[in-house]
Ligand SMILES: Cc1cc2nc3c(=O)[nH]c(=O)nc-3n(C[C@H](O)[C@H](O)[C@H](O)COP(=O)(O)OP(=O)(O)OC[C@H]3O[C@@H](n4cnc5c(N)ncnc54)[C@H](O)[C@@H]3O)c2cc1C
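Read the single chain below, which is given as structure tokens and is the form predicted on its own.
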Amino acid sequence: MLEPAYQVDVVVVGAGVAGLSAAHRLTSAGVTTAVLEAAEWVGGRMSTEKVDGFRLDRIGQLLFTSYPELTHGPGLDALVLRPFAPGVLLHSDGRHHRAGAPAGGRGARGALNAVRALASAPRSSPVLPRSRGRIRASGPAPSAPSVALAGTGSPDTGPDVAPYAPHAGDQESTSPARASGRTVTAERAQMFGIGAPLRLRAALARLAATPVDRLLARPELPVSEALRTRGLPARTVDGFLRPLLTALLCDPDLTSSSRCADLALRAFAAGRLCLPEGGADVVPELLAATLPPGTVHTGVRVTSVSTTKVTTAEHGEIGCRAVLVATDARAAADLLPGLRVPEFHPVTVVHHTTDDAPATGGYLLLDADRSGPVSHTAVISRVDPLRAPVGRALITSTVLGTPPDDVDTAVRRHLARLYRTSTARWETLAVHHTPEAVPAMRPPHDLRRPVRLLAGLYVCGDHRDTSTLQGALHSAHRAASALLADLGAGRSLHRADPAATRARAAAA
């Protein structure tokens, strides 16, 4: 451990993804850095429990392949993303319907091309948007587009959502018409009403192509109010947008800022839902492993901070040039009096296993009817086979808000309806309840909260940006940039040789 009198340029308090990412940017600029973590492991809320060969995320936050900080951030070159099947699967009126984002893997350009192809399609044939994008993942490529359009002679009535009928070998996405063994008519496929799918596609395409700054300049409302002003039919809002945004924002009442919802929909339209291969804890562990040796120190509890030192319970004071607090919002407020503590959305994740996986492929399944406690669920072992032993299926389900008293019984009953199969013989692996899982983003919400409190004292985390992994990583980028600008980027800030000082720390 660091000696009490040991000096470094920057002390980072907290070894979550924000603190570790900031440490990468600092050490890359030649700034000697020490990351202090109170727990015995890194990652904070982004943790994974290992049980009998299963890897069970405690929060199970949904990620996107379109997150730039996740796919291009320092220290994450070896990260492998496992994508869900394109789009989502909706449960409504006892049936499954596929709904997909228009962008595919090519981002905004793919979204716009899909809409143009739809508008110019021959009246005698359906339109299938092509996705040629490269997804940075090791999973199999989809065998067909995520959105199946069954035309009836008019491009204005081509449905974006069709019934889902799996058959043997349906692992990813096949044409609904082919899957059901018969032609799907537009009337049967119309879940949201005539013309609504095209308007929904066009809206998602516009979001995918809209610069972030323009989205942040839009009027801000609670999501539930903003959905009523977007010009889409109520069936589209209630049947697709509401359950999707509930899952993406972890907000069952949709009280979040409409700007945050626009950013979430933009990420959905421009990329693919995905998970880190091997579990959520792979991200912080990869960040920690690729830092210079001796940078991260676990089991060190920081009790106070200032611009020139931190005080620890175990090792006294550690002098430094600057301090970056990268803990969760409540712990940050304990160290930085006056820092606002947001409200939180509680999340409960229930993991089940069975030897007979439900036939829903690798889709994220949403309950459009809101008929039970489960917001979204998936056969996670279809998305990432490393999370379950061979021959076993891992089903992970998320309950948002206050869970029912007997949460496992209520979840099993709901899952039996959602998957249309008996869950009586499913084995419960774990029930993880996190009361302060996701910081609430109610309007007015500042997505770029200050990370520089004063020269020498900085803060970062998902509570300074959006309440997502991307938000945590982006706030770390902003904090590191501000810190380097104050201390003088590109020049040595500590007279001691960085390699020598790290060696001293490791030896001590």
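Numbers for residues come from their place in the sequence shown, where the first is 1. Not measured: the values here are computed from a predicted model.
Only in words, not in the display: the form predicted together with the named molecule, which the text now covers.
Think of it this way: in the model of the complex, the named molecule has a heavy atom of just one of 281, 367, 328, 277 within 4.5 Å, and the residue is 328. Contact with the named molecule in the model of the complex, defined as a heavy atom within 4.5 Å, holds for exactly one of 66, 27, 61, 48, namely 61. Listed stretches are 409 to 417, 77 to 85, 346 to 354, 288 to 296; the contact stretch with the named molecule in the model of the complex is 346 to 354, by a heavy atom cutoff of 4.5 Å.
When contacts are defined as a non-hydrogen atom within 4.5 Å, all of 335, 437 and 472 contact the named molecule in the model of the complex.
The closest non-hydrogen atom of residue 38 lies within 4.5 Å of the named molecule in the model of the complex.
Although the partner is absent here, residue 322 is not a contact residue: none of its heavy atoms lies within 4.5 angstroms of the named molecule in the model of the complex. In the model of the complex, at least one heavy atom of residue 13 sits within 4.5 Å of the named molecule. Heavy atoms of residue 462 reach within 4.5 Å of the named molecule in the model of the complex, making it an interface residue. With contact defined as any non-hydrogen atom lying within 4.5 angstroms of the named molecule in the model of the complex, the contacting residues in 290 to 324 are 300, 301, 302, given in sequence order.
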